[in-house]
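Included below are structure tokens for two forms of one protein chain, each presented in isolation as structure 1 and structure 2.
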Structure 1
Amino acid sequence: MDLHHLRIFVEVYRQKSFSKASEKLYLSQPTVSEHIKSLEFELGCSLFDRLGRSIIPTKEAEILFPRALSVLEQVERLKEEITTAQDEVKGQLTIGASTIPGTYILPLIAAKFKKKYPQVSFEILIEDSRKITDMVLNHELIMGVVGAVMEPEKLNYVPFIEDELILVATDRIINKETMPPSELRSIPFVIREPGSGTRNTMERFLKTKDLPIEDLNIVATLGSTDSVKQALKASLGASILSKYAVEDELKSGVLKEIKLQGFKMKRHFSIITHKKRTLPNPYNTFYEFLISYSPESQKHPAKD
């Protein structure tokens, strides 16, 4: 039994005529006869008594009619629901992010997005870049924001906003406005654990200035940006951190930025998605929203 059979049956029942039904359905009359016949065969009963010039539905047809209608309606509704679901922006969005974007950047953007689409709710999962990348690879996450490109073959990387790593410390550790990169060797350092995007980026940049991490005077390796900041405030040492992470501390003067002469450590965060996955519409919409914060559009930010 197919929906086609039911559609034809319903029309014949309504018209009380094979030939009139065939016109309505833009089919020939024998086609209608044939389909009713096969329905009757499948159900093991006749559906219409052929009186010659007219037909009368049997008891079974009376039972079938409302049910057939209901099935057909349900299928129509189903199609509609899937179509509209494709345009809706609602439901839970789980975004994975490494520390800096997850702590200092995404919450603000998510709040703006939610103002525009109140039916969404956010979960921002903060893990280091490696973990977030793996989760997107394993489909445990649909979207992530990370600071390092790790799987360009399997994941889409779209540049997100730009970040800059800066040298910060209290006056007690470094009492200068500016210094040459080579002097970094003599300064006590508090740094993040390996695997952290900040640590990776920092290492990469320092290597370009011939400053392998082993040459530094590491006084502590800590597991979070916040703990590093606490250590800095306690004048345990200096560190190289995202400007976003120390925005408040620089404003209040607790920490100071020491400019490194001729040395900018800029990076950008990337939005990552699996190349093979289709984004559910809410994610897709949020994706577009995020891209409007990407480097190019920084100069002409989207108005909302």
Structure 2
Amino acid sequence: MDLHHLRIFVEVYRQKSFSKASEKLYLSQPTVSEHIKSLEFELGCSLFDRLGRSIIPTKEAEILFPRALSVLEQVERLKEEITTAQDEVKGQLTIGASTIPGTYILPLIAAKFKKKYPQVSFEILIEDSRKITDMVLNHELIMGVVGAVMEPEKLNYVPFIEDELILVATDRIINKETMPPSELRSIPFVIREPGSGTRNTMERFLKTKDLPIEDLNIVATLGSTDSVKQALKASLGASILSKYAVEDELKSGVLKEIKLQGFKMKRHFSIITHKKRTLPNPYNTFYEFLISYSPESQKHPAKD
């Protein structure tokens, strides 16, 4: 099977468009179409249903796509092994991450990894947990780090660091040190958008206390942790956020933690990879580095 056919097929599948694939590949659209026709003839099946200007992958294309990726990655690994020493780790790693690990955890780990493997460079793509999960599902990312388990049937989830969600506000909003969870109903609340791992985890824990999110007095729904923090500093309301995200604000006293009596909200950030995809060598090396990473605060995590 022609590897050039497979490379073009993979790009057409990703783009769901012959014209967009041709732009990415710097080929003419007729050339791209001809390669796909040749591959379809070789396989004896149709790979895309043409509906006007749009195309939809067939069942056969769904089967071929992960296998084509695997073949192409094996070829690339073979080239690397022939031209470089097997223990050499280099090149760009693109890691997807939800807001908390992407902003407050991964940059430190990436810096330590780069000291060990100086020929590596990093791109950390930050989106909400739903988006990162979808990108790994669709093979747009090889690896991600998220705070919510969303697709356990199709993705591997390996916990690697513990987080705690806490209630934070200014004294103007909550002028006490502790409170029962039931009192959350009476407080103006600022929350993250749907798809956020922090929001999903918060909702799951609150339901155990018979506190559906609809019962909260939500005054704002915001699209980033930083925007939530700015709203809290302006005393718009209270929120439940990762302890990592508000570490500096708690130390400076700009925000304070209000303990919820008899209630802890703990989660693990997980490394996610596709069950049908083999990690290329540099990613596998970083994966092992993440698994072994254990900052002082995580060596003896409290039990739920």
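Here the structure is a predicted model, which means the values were calculated and not measured. The term rigid core refers to the maximal set of C-alpha atoms that superpose within 1.5 Å between the two forms. Every residue number counts along structure 1's sequence, beginning with 1.
**Student:** Eyeball the pair and call it: which is the form predicted in complex with the DNA?
**Tutor:** Structure 1.
**Student:** Does superposing the core leave L72 with a CA shift of 2 Å or more between structure 1 and structure 2?
**Tutor:** Superposed on the core, L72 moves its C-alpha 2 Å or more between structure 1 and structure 2.
**Student:** With both forms fit on the core, is the shift of the CA atom of F286 between structure 1 and structure 2 2 Å or larger?
**Tutor:** No, F286 moves less than 2 Å.
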